[in-house]
Each structure stands twice: as C-alpha cells, then as structure tokens.
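Before any questions on how it binds or moves, here is one chain, the form predicted on its own, in structure tokens.
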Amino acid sequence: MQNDIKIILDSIKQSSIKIKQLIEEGDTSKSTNQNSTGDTQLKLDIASDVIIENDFKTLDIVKQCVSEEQESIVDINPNGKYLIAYDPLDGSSLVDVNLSVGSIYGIYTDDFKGSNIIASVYVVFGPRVEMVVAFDGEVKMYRLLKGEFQFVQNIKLNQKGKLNAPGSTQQCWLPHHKEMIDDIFASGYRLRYSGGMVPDLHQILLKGGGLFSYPSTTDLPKGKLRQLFEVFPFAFIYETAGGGAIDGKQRLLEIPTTHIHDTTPCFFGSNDEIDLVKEVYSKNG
C-alpha cells in the first residue's frame, strides 16, 4: 500500500505544480457554469479540475475519482483499488485578492465514506507551496523548492491551542454556538479567519492547535462544507495529528454519507477545544 500511496502522491505533486502555474498566469474570471450546489464556477476551478482528473486517469491503481466541481463519480479503471475525492481549488475566489488557496484530497477504499479513508492530502498555494500528507499514523509536511516537493517536518497538535477560526454567517449562528465562540475569545484565543478552509486549518496545525468551526446554522442546518472533499480529509489529518474532528457530538469519520455532495457541520481542533465543543453541544440538543 505504501508504494501505491506514493504513486498517488506523485500524481498530486505533478498536478500541484501545474495548478501553481495556472494560479499565477490563468484567467480568474467567472465561468457560465455552476457546480452541483449552485455555486458559479471560476475558470480556475474548472481548469484545476481538468488537470487533476487527467493526471489521475494515467494511474492504473485508481478505480474512481469524484470532484466537488462535478455532478457524478468518474470511472477510471475497473481493476483499480483506490477511490479519490478532491476539491481542486478550495477558496478559489480568494485568488483575486492574493490570499492563500488550496487543493484537498481524500483517498478511500471500497466505497466513498468516512470510515474507508486511508490517507488524505492538502496543498496550500500561498507565498510558498506546501503539501501536508496524513498516512500510516503520521502527518508530514513538504514544501515546493526548486521544482520538487521536499520534506520539511512532521506535524503534531498540542493538547490545547491558541487560535480560533469561526466559520459561517454569524447572524445565523445558534445561541449556544455564539456563546461558546464568545467565551473562547474571552479566554484569550486569537482570531484566525481568512475565508479559506485550507489556509486556516493549515495555520492551526502548524501553530500547534486551536479550533476551526463551521456549525449548523439557521440558513444551513446541515452545514456548508462537503463531507467527501473537505470534511473527511481534514478529519483524518487532524485525528492523525493527535487532535479531533466532530460534528458537535459525533466523530466526523463515523457520519454516514448518502450522496457524494452531502454536507455536515464540522469542528476540527486540538483535544481541549474539541472536548469543549462536545460539552456545549451535548447540553443543547
């Protein structure tokens, strides 16, 4: 399996170098298309999606892939072993204001569901391009240097962090969630919120811990972030790094998936923060 994952990682590295160039030189305007959830796709989203899919199509070990930007699963090789769900360019609307964006990948076996994820990867495109990989009990970070991804460090979360990244529309927060976030800030946590899931979660990981939340809200009771492409890959990374990932009460990787574009409320963090979320949410239905 280790060799298979290396083959997939090499493909992701290859795609990432192409996407880096695309971000630097490509068209950042909107297309006339919409994705499965009704969001207008940027031309960067579509072009990044094509790059990744075409690179995966060269791998015999990949059975199927599915992208946040597509309506259905793409069959690649019926004899392949791995299923890959990916968000080709998360936060792409931030490119125009020169903020960091990223790609997210979940590698699954048998079926697309949280309990079947065996590895996950994300790539941050910022002042530096960095790739974080969770596999075989470790989280490792690589940096693109002179055209190649080179190992930089292992990542482990502390028991307690200092950063708080509260996502979603605040006016739609439920009262107990708002009170919890206010209390977290009152206890000395610092705000970290760029509007990009990848850079915010990346900073929490590298700074040792904290909390990222995208809760159930009055306008989006099931949250906004998609299970297969965003939530499960980061849940796997945070758990492997020694932290936790829940929907408020339940472990995210145990949540059932009924459709490839299912969403869920989600909280990622170091253990003290996740314990706090469990305590608050267990008292409030």
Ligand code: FBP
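From 1 onward, residues are counted along the sequence shown. Please read all numbers here as calculations on a predicted model, not as lab measurements.
Not on display, but discussed next: the form predicted together with the named molecule.
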Among the candidates 121, 211, 197, 205, the residue which, in the predicted complex, approaches the named molecule to within 4.5 Å (heavy atoms) = 197
One residue of 65, 225, 260, 245 in contact with the named molecule, assessed in the predicted complex (non-hydrogen atom, 4.5 angstroms) = 225
query = Among 134-142, 163-171, 177-185, 76-84, which stretch has residues with heavy atoms no more than 4.5 Å from the named molecule in the predicted complex?
reply = 163-171
request  = Indicate whether the named molecule has at least one heavy atom within 4.5 Å of a heavy atom of residue 103 in the predicted complex.
outcome  = no
request  = Would you check, heavy atoms only and a 4.5 Å threshold, whether residue 91 touches the named molecule in the predicted complex?
outcome  = yes
